[in-house]
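Let's start with one chain on its own, the form predicted on its own, as C-alpha cells.
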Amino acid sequence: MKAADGSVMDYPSTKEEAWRYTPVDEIVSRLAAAATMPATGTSVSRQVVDALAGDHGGPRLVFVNGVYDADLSDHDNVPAGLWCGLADLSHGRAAANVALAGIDWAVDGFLARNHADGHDSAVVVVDPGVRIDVPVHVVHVSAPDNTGERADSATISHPRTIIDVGSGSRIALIQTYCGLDGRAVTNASTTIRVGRHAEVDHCRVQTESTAATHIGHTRIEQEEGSRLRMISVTIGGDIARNAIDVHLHGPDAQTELVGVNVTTGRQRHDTVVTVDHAASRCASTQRFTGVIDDHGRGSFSGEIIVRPGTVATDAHQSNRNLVLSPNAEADTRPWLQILADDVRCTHGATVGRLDDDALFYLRSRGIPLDEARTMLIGAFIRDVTDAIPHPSLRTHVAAIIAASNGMVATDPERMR
C-alpha cells in the first residue's frame, strides 16, 4: 500500500510486538476479498441508527459504509464555536487537519489503505476558549449487502474521523461503530488533537456484527496542560483490533484511558495501547478489563514510554481479565520503556474466573445461577460502565454488554 507521501507501506506481521496477538494474515485476506458498497439503497433508517447507536442529544454525523448520509445526521443547531461536518477544504482548520492526518497516518499498510481508499471524512473543530455542553456524536454504520449480487462478499469501508480541540476548550465526543447483521470489514482511523489546557471526554463504542472485521486506530496528541479521558468499549466483530496511540507533547498533560472488551463465541479481540510521555510532569492511567467466554480470545498489550530528559512522570497501568469458560483465552502483556530517572510507574495484570464463594453466596440467597452470574460479571465491569459520563450511553452500552454475553439483566441498575 502507498502512504500519503507516495511511499510504499507494508502490512505489519505478527513478528512485530504490537501485532503479536492480531491475526494479520486473515485480516489482509478479508480486506482483499471485500467489496465496496455504496450507502444508497441500504436499509438504514433513523430508527435503525437510534437502535444501534442510541440518541444522546447534540449534533450527530452519520456515515453508512464510509459515506456521509445527510438525512440521518443532525447538525443544524450546532453551538457557536463548534464546526462539524465533512472535510471542507474551504474551512481553514478543517483543511489543515485533513492534510496533517495524511502525514500522521504513514504508519502501516492498514492506515495507508484507509487514506488511499477512504471516502468521506468526519471533521470536528472546536474554537479556542469554547465549552460545548452537549456531546458530539459521530456514527459509522456498516450495512452489508445480504441480498444483492455481492451477498457472498463482505462490505468494506474506511471511515476517518479528525478532531481538533482548540486551546482552553472543552468538548464531549461519542464515536460509535455499529452495523447490521452480515459480513463487513471496517478499517478505521481517528486523529484527536487536544490544544493547550483543553479538555476532552471521548467515548469509543464498537458494537458491529459478530460476522464483521474491525481494525481501528486512534491517535491522540496532547499539548501543555491538556486533559483527555477516553472510555473504550469493544463488543462486536469476529476479529476486532482497537489500537490507541497517545502522545503527550506538552508538560502537565494528563490522559486517562478506560476500556472493556467482551468476547464470546469464537471472537478475537485485540487491544493495543501506547502512551508516550515526551514531556515533563505528565500523568497517564490505563485501566482495561476483559470478559472472555466460550471459545473467545481477548488480548491486551499496554505500553508506557518515558522519554529521556523528562521529569516527574506519573504513569499507571492495569489489565484485569475474567475468563468464563475453560476454552476461553486471555493474553495480557504490560510493556514499559523507562528512559528517565524521575518517574513513578506501576503496572499490573490479572486473569481469573468467577469467584465460586461469591456465586455460592448469591445462590444460597435464592438467586438463580444465571442471574447470579450476571450480577458478578456486572460488578466486574462496573469500573468501566460507571465511567461513561452520558447516562443514555451508559444505559445503551450496559444493555448491549448484557445481551452479548448471555447475561440475564439488561437494566444497568441491576448490574450494580
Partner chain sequence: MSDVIEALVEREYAFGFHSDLDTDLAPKGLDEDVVRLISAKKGEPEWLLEWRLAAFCHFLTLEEPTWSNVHHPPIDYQDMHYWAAPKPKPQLASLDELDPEIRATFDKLGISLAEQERLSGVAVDAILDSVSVATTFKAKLAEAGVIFCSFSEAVREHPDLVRKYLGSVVGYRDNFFAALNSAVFSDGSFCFIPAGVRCPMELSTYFRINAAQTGQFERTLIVAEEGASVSYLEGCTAPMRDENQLHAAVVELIALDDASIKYSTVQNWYPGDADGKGGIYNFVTKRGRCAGARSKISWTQVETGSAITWKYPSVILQGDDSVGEFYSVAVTTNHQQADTGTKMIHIGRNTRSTILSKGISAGHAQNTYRGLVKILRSATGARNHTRCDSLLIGPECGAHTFPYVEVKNDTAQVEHEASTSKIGEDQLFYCRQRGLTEEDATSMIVNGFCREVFDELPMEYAVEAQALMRVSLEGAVG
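Keep in mind that what you see is a predicted model, and the values were worked out from it rather than measured. Numbering follows the first chain given and starts at 1.
Just so it is clear, the following notes concern the form predicted in complex with the partner chain, a form of the same protein that is not shown.
The partner chain is not shown here, but in the model of the complex it comes within 4.5 Å of a heavy atom of residue 352.
Put simply, residue 170 is far from the partner chain in the model of the complex: not one heavy atom of it is within 4.5 Å.
Using a 4.5 angstroms limit between non-hydrogen atoms, residue 333 touches the partner chain in the model of the complex.
In the model of the complex, the partner chain sits within 4.5 Å of a heavy atom belonging to residue 348. A single residue from the set 153, 280, 327, 285 has any heavy atom within 4.5 angstroms of the partner chain in the model of the complex; that residue is 327. A heavy atom within 4.5 Å of the partner chain in the model of the complex is found for one listed residue only; from 323, 84, 258, 239, this is 323.
Heavy atoms within 4.5 Å of the partner chain in the model of the complex are found in exactly one of 200-208, 335-343, 214-222, 180-188, that being 335-343.
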